[in-house]
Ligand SMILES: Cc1cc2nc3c(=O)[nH]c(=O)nc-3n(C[C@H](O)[C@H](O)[C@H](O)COP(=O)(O)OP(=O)(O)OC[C@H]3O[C@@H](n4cnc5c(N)ncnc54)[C@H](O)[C@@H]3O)c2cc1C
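Single chain ahead, written as structure tokens, the form predicted alone.
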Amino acid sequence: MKEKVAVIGAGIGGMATAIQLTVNGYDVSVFEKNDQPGGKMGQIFYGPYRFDTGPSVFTMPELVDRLFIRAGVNPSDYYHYSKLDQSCRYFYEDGTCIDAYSDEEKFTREVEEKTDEPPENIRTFLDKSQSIYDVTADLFMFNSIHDPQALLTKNNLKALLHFGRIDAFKTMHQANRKYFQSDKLVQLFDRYATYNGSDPYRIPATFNIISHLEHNMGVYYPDGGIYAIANAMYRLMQDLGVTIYLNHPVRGLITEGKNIRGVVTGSGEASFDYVVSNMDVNLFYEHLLPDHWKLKKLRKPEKSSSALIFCWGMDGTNPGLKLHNILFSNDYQGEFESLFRHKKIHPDPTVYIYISSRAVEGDAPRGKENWYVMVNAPENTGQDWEEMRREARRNIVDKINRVLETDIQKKIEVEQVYDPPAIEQHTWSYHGSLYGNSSNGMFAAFNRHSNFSRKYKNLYFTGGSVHPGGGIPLCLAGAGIVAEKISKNEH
């Protein structure tokens, strides 16, 4: 008889874990509280407009492909994607506009023309980013750093010998200041700290590996938008025979000594040999396995940033914008001080505009666009969000009008707003923090919850709030760690 596994949550990490364990011969059931899979990788429709609601940048597609290949199917039978010629268009207050081309030579020429930055500086920086990735990926990304036995392998010990090469003793901003003479280039590469909700002035420069993923390995885009990834994984689960319960939240766990014996849902109790939580780990220990001491420990580290999001259906198009766009703050350090120290949105925020209709026909009516407009926001600690939303919206509109030399207010015909309290409610993210803990500090990675429980022998964790972190690649890496541990019966 197959051993039974319950996966709590159909986010990317939960679905990837379910797929791998099913392929490995387990009987897997997935319980999802929402009416669609994907977790933070969701989609919404407002009138004739469709919006992706979570991640919008797709890197390391091979990690998704690997799930399908392991299942013995062709990934292209489920979804298609292509590499973008340009990952982002960057706008600065002085009128400078930089296109981040995927071709390195074209990108370095663009930057030299716009900022006088010598091309060799960019090449040196990206080479360094790759070298950091080469040293750290297997050790920190695809491995359980909380398991001494897993760390003490020949390859990992070799990687530890090169610890001095990973720039752990300086911040991202300090490192970038040394590589680039242009403040614009420093800001461009500093922004990758926000990919895990952190502060470039405090996060270790080790996280410059994110620049490697985007600039050396490339940014991709799926046909149909980012949600096509979640939909493809969901279809694969169905084809593999995974039992999936949507609109079916888990309400409790059945414990017996050092084991979890089952889950409690609205339909009653069900027994399982293993339980994998894809929930935010803070809310898991608050609602499913109450543990005051554990919660106190989990909530001590600084949380990641959240977001304030405006989904705008726009009447008309703006030819100056691309699929991904960044309008930079003119006070970048002040923006992060506001976020993490004062828990406010800076009056001059960096504005991200993602227009999926540039790549997906049908996401907006002909001659119109769907703007997903996001600024970094602090975690929800009980601020006056109604006033903060109103002020931020005014500042965002003013900034877009000023930088793009337009007047967008009269073009907005559909609007939906998501602030940190709404994100907390819809995604069950503690305080609305998108990535759990921030990575602001040299040892922040070790403050993340492990992929397994030290108290219960058959309880495991995946998703953005635990090791190795949030975002598509890291959630898939975490799922791989959990699936391997269960399949090897390791704890």
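We number the residues from 1 along the sequence you see. Values in this document were obtained by computation on a predicted structure and should not be read as measured data.
Same protein, other form: the form predicted together with the named molecule, not shown, and the subject of what follows.
With the partner removed from view, the residue among 374, 397, 326, 253 that has a non-hydrogen atom within 4.5 Å of the named molecule in the model of the complex turns out to be 374.
Contact with the named molecule in the model of the complex, defined as a heavy atom within 4.5 Å, holds for exactly one of 260, 279, 172, 355, namely 279.
Contact annotation: the named molecule lies within 4.5 Å of heavy atoms from the stretch 458-466 in the model of the complex, the single such stretch among 43-51, 60-68, 458-466, 437-445. Residue contact with the named molecule in the model of the complex: residue 146 places no heavy atom within 4.5 Å of it.
Among heavy atoms of residue 224, none comes within 4.5 Å of the named molecule in the model of the complex.
Residue 8 belongs to the set of residues with a heavy atom inside 4.5 Å of the named molecule in the model of the complex. The named molecule is not drawn, but in the model of the complex it has a heavy atom within 4.5 Å of residue 428. Along 25-43, a non-hydrogen atom within 4.5 Å of the named molecule in the model of the complex is carried by 31, 32, 33, 34, 38, 39, 40, 41, in order along the sequence.
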